[in-house]
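Before any questions on binding or motion, here is one chain by itself as structure tokens, the form predicted alone.
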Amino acid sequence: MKAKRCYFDYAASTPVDPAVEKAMKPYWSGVFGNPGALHSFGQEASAAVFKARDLVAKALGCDYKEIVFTGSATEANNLALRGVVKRIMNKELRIKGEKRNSIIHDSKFIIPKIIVSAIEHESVLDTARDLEREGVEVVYLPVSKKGIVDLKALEGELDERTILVSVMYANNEIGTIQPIAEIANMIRNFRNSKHEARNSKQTQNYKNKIQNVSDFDIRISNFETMRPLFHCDAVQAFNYLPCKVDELGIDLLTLSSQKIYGPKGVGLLYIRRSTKHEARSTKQIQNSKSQNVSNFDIRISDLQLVSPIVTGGGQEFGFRSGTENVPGIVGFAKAMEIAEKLRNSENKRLSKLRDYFISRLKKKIPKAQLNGGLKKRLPNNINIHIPGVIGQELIIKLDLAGFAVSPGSACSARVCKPSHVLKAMGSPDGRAANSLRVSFGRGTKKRDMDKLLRAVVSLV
């Protein structure tokens, strides 16, 4: 009889929950219409998508119109970064009638700037590098030896040219949890300082009677007081951490279905629709005695934060064209509903398993080293390095023994290379290339952890 295989790569992908599979079943062949069709078949599918969108919005504490379904979290991250850059560049060039890879601010051409952490997922880092080649300045924030973003470095990099900050909620390799609310507050304070400075400038211009429609147009269309925007990749976080967008203070949020026991091929991007800054700006304009107040009011209150990168049919409120994956979207929403219900209990259970495994491993193999701190860490993540052991060989041996673990991120195409996350934390190439990640989930029991521990000890 073949021994049971033990899965320890939940950070890469999770099995579909039976309740999710059941919720999806009617939409494979029963309710099969195109959601964009006007007939009853299409309307049934459309209703299912709307219900799922509403469930997702409630889970995130936002409006259903702020949810954009995508084909993956990678696509959602691309939409966040590329969409923000494309939006502001297109808007500036349209206003000035120019065609340059720069932003116009106070009659000067300025290079836009985005800030990302050095330990982001490849879908953020590679996209940032691509934008860098197109003329955007990219700042890669350093992290501590435990993988926490350097907040002082972030504060020092925020300036008038910054249009976007992207920091992940929890790291996919080492499970480090970032202080998202604190980062959001830092960005909010910077926005407020810009807002106050612009108020002062606008008042002075009004007194000197040099304020006119074109000046106001440029001022609003450039670096509005709502920028920089704050994007958060929360793919690894939703199972275990609160993700209410207003509590986090974010503008853009990425999630993935396959990481929360939903189907593959579905992701989402939350895109905030309005801010207090916009409301304040609108009120200021209404009080400014301008003859074109209504035009400004519409421009600000309906401001779109990102431009689409996939165009065609105008689905997903125009942000992402393409016929909706109805079964996948329905399954995604159901998975989110279940994850919220199990969040607290799974957090406690998996934290105990994590701490138990680490303590036992340290006793059996004293030279074993934990990558990242134990505090501020996801409950289902263990990333270890055993000096003198080649990580890839150990992973293959464990697989042959029936245990699935990972060298880190399993999202790249089976390419084994030193972890950029560990290198950013200051680890030498040897440690960055030979560490392994053990991630577990709902199907993991204490006996499974014991089996893995015995296997690692015997193989080492």
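Each residue number is its position in the shown sequence, starting from 1. Computed from a predicted structure; not experimentally measured.
The protein also exists as the form predicted together with pyridoxal-5'-phosphate; that form is not presented, and the subsequent description refers to it.
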Could you tell me which stretch in 342-350, 137-145, 252-260, 308-316 has residues with non-hydrogen atoms within 4.5 Å of pyridoxal-5'-phosphate in the predicted bound form?
252-260
Can you pick out, from 178, 162, 74, 325, the residue that has a heavy atom within 4.5 Å of pyridoxal-5'-phosphate in the predicted bound form?
74
Between the options 330, 268, 115, 235, which residue brings a heavy atom to within 4.5 Å of pyridoxal-5'-phosphate in the predicted bound form?
235
In the predicted bound form, does residue 438 have a heavy atom within 4.5 Å of pyridoxal-5'-phosphate?
no
Considering only heavy atoms, tell me if residue 168 and pyridoxal-5'-phosphate come within 4.5 Å of each other in the predicted bound form.
yes
Taking heavy atoms only, is residue 239 within 4.5 angstroms of pyridoxal-5'-phosphate in the predicted bound form?
no
Taking heavy atoms and a 4.5 Å cut-off, does residue 172 contact pyridoxal-5'-phosphate in the predicted bound form?
yes
Where, within 319-342, is there a heavy atom within 4.5 Å of pyridoxal-5'-phosphate in the predicted bound form? Residue list please.
none
